[in-house]
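For this one, two forms of the same chain are given in structure tokens, first as structure 1 and then as structure 2.
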Structure 1
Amino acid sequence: MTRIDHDSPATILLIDDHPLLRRGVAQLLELEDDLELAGEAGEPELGLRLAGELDPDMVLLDLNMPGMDGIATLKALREQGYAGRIVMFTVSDHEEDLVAALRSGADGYLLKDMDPDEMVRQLRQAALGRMVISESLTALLAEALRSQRNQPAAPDIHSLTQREREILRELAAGLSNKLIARKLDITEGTVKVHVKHLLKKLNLRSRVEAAVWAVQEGVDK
């Protein structure tokens, strides 16, 4: 029911800042001849480099790391062209983290406190191309999906153009259209156009909503 025995083992790159945990995973994988730990990284930056060099079948990625966090690392991996499976590996059972990871394109989300046998089983499934999520999180996932259904158009910063993001940043600083225009050296009318467009894209109804959203989202930096 697995992938190999005839095939070559699935290679795995582990990116996690806890040395002891890396040790544990390494020992676990050594016992399995269809799973091979191709490399380890204690920092996201090294992880990105190794992913490029080793091109593993799967990346096991810690969500909570100092500096660049797991989501950012995930995105960086995809941006640098890594096409293999990315499975988040974390202690966080918070819905936001789970949702953020999946929305960012993670192929799995496993909790670190899971049973080793179960862990191996899930990794095999992931290697087969199946989405794996720790069972205890399914309730959370259902919850997230349900609340998502009711707000079809979640505002997304990425739908904005460069200029619109710039306008939004100034807007979120409390500036009026007139002041934004002066600052960016364009006419007030043009600023209005950008504001109108970004409001439409973000599905918001006023600049105040946009400003609040931007601040809460941390766009204003």
Structure 2
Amino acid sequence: MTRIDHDSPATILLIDDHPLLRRGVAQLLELEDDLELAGEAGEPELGLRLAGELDPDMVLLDLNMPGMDGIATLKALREQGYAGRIVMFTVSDHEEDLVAALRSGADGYLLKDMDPDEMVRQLRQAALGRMVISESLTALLAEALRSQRNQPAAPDIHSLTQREREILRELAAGLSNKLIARKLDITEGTVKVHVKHLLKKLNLRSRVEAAVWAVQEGVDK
């Protein structure tokens, strides 16, 4: 689900086990006209139920919670059919947590110690369908993907068709499949097929890896 109605606020469900943090986020969002806290949950199970009931545009999800952790909650949200944006919100700047979250399908990864104004800016970008990552983590992500990529040959841009290159550039810009489809005037299903093919050709495991590689190689220019 990518937002197309910009006249109404983007609705957010916050799932985090720290009451003080939830209150702080609520107070921050109260100051914004285009972002609205639709609900909050202190435990993953309640968060899953509220996601089904409220169908928010975005879920802001803590990574480290007792019981069901953030990655398991993310997967459970997708399994129950939630199609909105899921952004991890955490204190962890560890490489393995960042990569695990993005490979599990997170649409973003934001650190809790970020500046409030920057957080609001990133949430707005996420509501528009873009991938968001705390700026301090982008270099870490690039290095992590470079070191963890075990493949027989380096990705070769020349193996892609012209359409696949166009889609790769949009992936590098952080666009979702729906936004890419709209921009290129093709169906979302066609975009998904092209993404699958280009990942296979480039020997990459996810759209995030493809996006980071494209930026590194200057393909996004």
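We call the rigid core the largest set of C-alpha positions that still match within 1.5 Å between the two forms. Each residue is numbered by where it sits in the sequence of structure 1, with counting from 1. From a predicted model like this one, the values you see are computed outputs, not experimental measurements.
Query raised in the report: Is the form predicted in complex with the DNA structure 1 or structure 2?
Result: Only structure 1 fits here, because that chain is the form predicted in complex with the DNA.
Query raised in the report: Does L13 count as moved between structure 1 and structure 2, where moved means a C-alpha shift of 2 angstroms or more after fitting the rigid core?
Result: Where the cores coincide, L13 shows only a C-alpha shift between structure 1 and structure 2 that is less than 2 Å.
Query raised in the report: Is V59 among the residues whose Cα moves by 2 Å or more between structure 1 and structure 2 after superposition of the rigid core?
Result: No; that C-alpha moves by less than 2 Å between structure 1 and structure 2.
Query raised in the report: So, with the core fitted, how far does R207 move at its Cα between structure 1 and structure 2, in angstrom?
Result: Its C-alpha shift, to one decimal, is 31.6 Å.
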